[in-house]
Each structure stands twice: as structure tokens, then as C-alpha cells.
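Alright, here's a single protein chain in two forms, structure 1 and structure 2, each given by itself as C-alpha cells.
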Structure 1
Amino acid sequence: MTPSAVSLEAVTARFAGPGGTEYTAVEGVTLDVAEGAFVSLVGPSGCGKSTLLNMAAGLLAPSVGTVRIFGDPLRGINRRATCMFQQEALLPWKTVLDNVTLSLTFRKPRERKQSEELGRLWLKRVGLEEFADRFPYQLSGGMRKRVAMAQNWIAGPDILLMDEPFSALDIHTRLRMEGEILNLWAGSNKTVLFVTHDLEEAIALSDEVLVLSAGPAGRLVGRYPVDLPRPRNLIDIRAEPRFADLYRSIWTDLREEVLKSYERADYERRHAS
């Protein structure tokens, strides 16, 4: 049996709080992401979505439980993954081309000419070949996201970990970026674990949507296969009857957790005043 690309086995994450207190971000979460799958994590703010992503990246070791990458226990940084966050990790003093090839310097050292050739190929794939010599401040938000995508994909990772990468974009640019990431992923056999607050985005992109409970001590409370055919027309997909059925089904679980998070926030606000 082929091991999953990412496996979290009964993981718990605890952090020290003020005055000797302890905060539990997630508790007893078990999930598997198959190789080549596109899986999204959704849940209310503070439920532990980013915490789970950081565990898969090796940026955070679980307090309890085990993280496995293709069957092997993860110790330290996940070298088979790249991370794309809400804020692009672009160096303002480097050109677009230098930013895209930066990961090759650390992950796959090669001659500068080879790196530049590969970087220009990836800039062409994301439609930015004419901007190779520009700097990040000279680009729009959507263009910077495309640079970040090329920066992640050029390293040839087996796994892409994405933490709300498009949340700051306007709706039209966001749709375009979602289409870009699906085009890059299709047929690549790459595994994507995607964190988002937007249930519509999760359904439109994913093979499966995982719902986390309200925090603290977030738990996995629902798994929903998304049986929409691929390739997907992201402009029109939200109008499809099956999309609406999936949304209603998943929202039943998610709505309950969102309401719990509101109630908890109100309780804490009242008792803090």
C-alpha cells in the first residue's frame, strides 16, 4: 500500500501561555493526504489550520503524535515541501528572476546560467517573462503572487503547503490566481495542502475539504470528498447545482463551529472587561 504524502497521527500542539498557563491549539488530529491530491483545511479563526500546516512543514514539532512524510517520520524541516504564505517571501532588493531562482541556491545548487534559464522558463509559465529584471515593488499584488508560485514550483517539491495565499487579493485577481495554481498542479502529481477561510475557494479547488472545530484544542470534525469533474471552470463552477449541494453539506458542519467560535469570543470579551 502506497504511503500518504502527508500523515498527521493523533497530533496535539501545546504552547506555553502567560502565568504558567498552557494553550492547546489542536488536539488529537489524525489526517492523511494522498500523493497527488489537492486537500483544503477550513475552519473558524483560531482553530489550528496554520498550526497543522506548520507541523507538515516541519516548522513546528507536535507536542504529542507523529508527522509522517511519504511514510517516514518527519524530523526537522520537511525537505520535500515548499511553503506559500499569505505574505509573499520576496526579497525587495532582488529582481523578479533572482527571487524566483533563490530556492535553487539553497535546495539545488547549480551554475548561475542554468538557474537563470530555469527561472526564465518558470516566469514564462506564469506569464511574467517580460518582468524578469523588475523588482517586487514594481509589480501588482497578483503579479507578486505569480512570482511566489514560480518561486515555490521551481524547486520541484513533492508537496506544496499553502496558507491562505490569495486572501489579500481582490476577487477577480483571486480567481485568476486560483486558475493558475490548478493549471500548474494538473497532471503534476504534486500534493497540495491548502489552508483557507473561504469555503467556496476550498470546494472549487480541492479533491477533499477537511473541517476543523472551533479552537482552542481544534479537532477534525468532517471530511468531504469533492466529486466535481476536472478540469474546472472557476468562473462558472459556483453556479453548478453540485457545487451548491456540496456547499450546503459542508456548511452544516462549518456553521456550527463558526457559531461556537463567536460564542467563545463573546464570553472571553465579557470576562476580560
Structure 2
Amino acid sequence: MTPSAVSLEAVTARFAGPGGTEYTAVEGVTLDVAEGAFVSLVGPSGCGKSTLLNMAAGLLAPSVGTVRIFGDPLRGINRRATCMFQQEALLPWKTVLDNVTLSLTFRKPRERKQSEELGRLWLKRVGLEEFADRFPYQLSGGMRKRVAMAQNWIAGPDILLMDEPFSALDIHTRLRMEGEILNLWAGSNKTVLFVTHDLEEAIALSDEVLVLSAGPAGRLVGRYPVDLPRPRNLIDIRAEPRFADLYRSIWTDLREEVLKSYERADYERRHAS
């Protein structure tokens, strides 16, 4: 059996909380992402989705447990992955084109000409070819996300970690980008670990949806294989009966976690005042 592209083995993440306390963000999470699979991670806000992604990226070492990438224990940065962060991560002092070609600048600093050509090709793909010479502050939030996407894909990683990449986009751009992602991913044998808080998006895109419980000490509460056929039409798929079935069964679990996280927030608010 070939090893999974990403596997977290009973990982726990603890952070220093206020006043010397310890905060356990996620506890004993075990998950596997098979090579070439598109897997989504959903869960209420603050349950530790970004934390898990950071561990897979090698940016955060688990307090307990092991991270394996293609079977090898991960130490330091995950060189086979890129990460599309939830926050802005473009370099404000580089133009759009220079931002898109950043990984090429790092890895092949001598081949500027080829890099630039490739960069323009990718800008065209995300519909921003006229903006090559702008600086990020001159773009809208959604445009910046598209630049970030091109920046990640151009690096050609085996694993793509994406942290709510489309939550800032309007519905049209979003559908377009989702379609673009699926096109890029299909037949590429790349592995995608996709974080979202939008269950519909998770089902429409993925092979499998993982549901995390509300924090603190978030755990994996369910794994749901999505057996919808590919290639998928992202607009029509939401109307299919099978989609609705899946949605209902996952939502029952997710709903409970969301309610728990509300209750906890309420409880904390009352006790804080």
C-alpha cells in the first residue's frame, strides 16, 4: 500500500493561554489524506482547522503525535506542500507578476525570462493579466486571493493546503475559482487539503469531508466519503438528490458542533462579564 500524502497521527496542539494557563486547541486528531485526493475539513470557528493545516505545513510542530508526509516523519517546513493562508500573504512590495512567480524566483533565480512567461500564463488563468504590474494594495480582496492561488499553483507542489481560500469572494468569482481549482486538480495527481466553513462547498469539491468538533480540544467527529461522480458541474450538482442526502447527513453532525461552540461562546461571555 502506498503511504498517504498527509497523515496526522494522534496529534495534539497546545498553546500558552492567558496567565500561564494552557489551551488545547486540538486533541488526538488522526487523519489521512490519500495521494491525489481532494479532502475538505469543516468545523465551527475556532475548532482548530488552521492549526491542523499549519501542522501539515510544518509551520507548527504538534505538542504530541506525529505528522507524516508520504510516509516520512515531517521535520521543519513541508517542502512538498504550499499553503494558501487564510490571511493576506502576498508581499506588498512586489508587483502582482513578481508575487505570482515568487517560488520560481526562489528556486530558479537565473531563469527570470521563463518565470515571467509562466507567470503571465497563470495570471491569464486567474483572469488578471492586465494587472501584472500593479501592487497588491491596488487590487480588491478577491483579486488578491486569485493572485495567491496562482502563486501557490505555479510552485507545482505535490500537496496543496488551502485555508478558506474563497470565503472572501462573491458568489460568481467563487464558483469560477472553485471550477478552476477542480480543473487544475483533475488529472494532476495533486493532493488537496481544503479548509472551509461552507459545507456545500466542501461537498461539491471533495472526495471526502472531515468534520471537526468544537474547540477547545477539537477532535475529528466524522469522515464522510463523497461519492458524487466526476467531473462535476458545480452549479447543477447542488440540485442533485444525492448532494442533498450527503448534506443532510453531514449537517446533523456539524450542526451539533456549531451549536456547542455557540453555547460555549455564550457561557464564556456571561462569565467574562
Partner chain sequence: MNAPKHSPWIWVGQAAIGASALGLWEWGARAGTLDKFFFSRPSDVAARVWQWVTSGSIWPHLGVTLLEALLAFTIGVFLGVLLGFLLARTPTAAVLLEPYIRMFNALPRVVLAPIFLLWFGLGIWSKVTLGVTVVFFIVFFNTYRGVKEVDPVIVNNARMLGASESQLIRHVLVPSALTWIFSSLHISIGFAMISVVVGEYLGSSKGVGYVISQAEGVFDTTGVFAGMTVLAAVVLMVGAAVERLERWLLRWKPESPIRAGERDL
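On a predicted model such as this, the values are computed, not experimentally measured, just so you know. By convention here, residues take numbers in order along the sequence of structure 1, the first being 1. Here, rigid core means the biggest group of C-alpha atoms that superpose within 1.5 Å across both forms.
Taken from the structure described as the form predicted alone is structure 1, whereas structure 2 is drawn from elsewhere. Picking from Ser188, Ser50, Val33, Gly156, the hinge for the rigid motion between structure 1 and structure 2 turns out to be Gly156. Between-form comparison between structure 1 and structure 2 gives a rotation of 13° for the smaller rigid part, taken against the larger part from C-alpha superpositions.
If you overlay the core, the Cα of Gly119 moves by 2.5 Å between structure 1 and structure 2.
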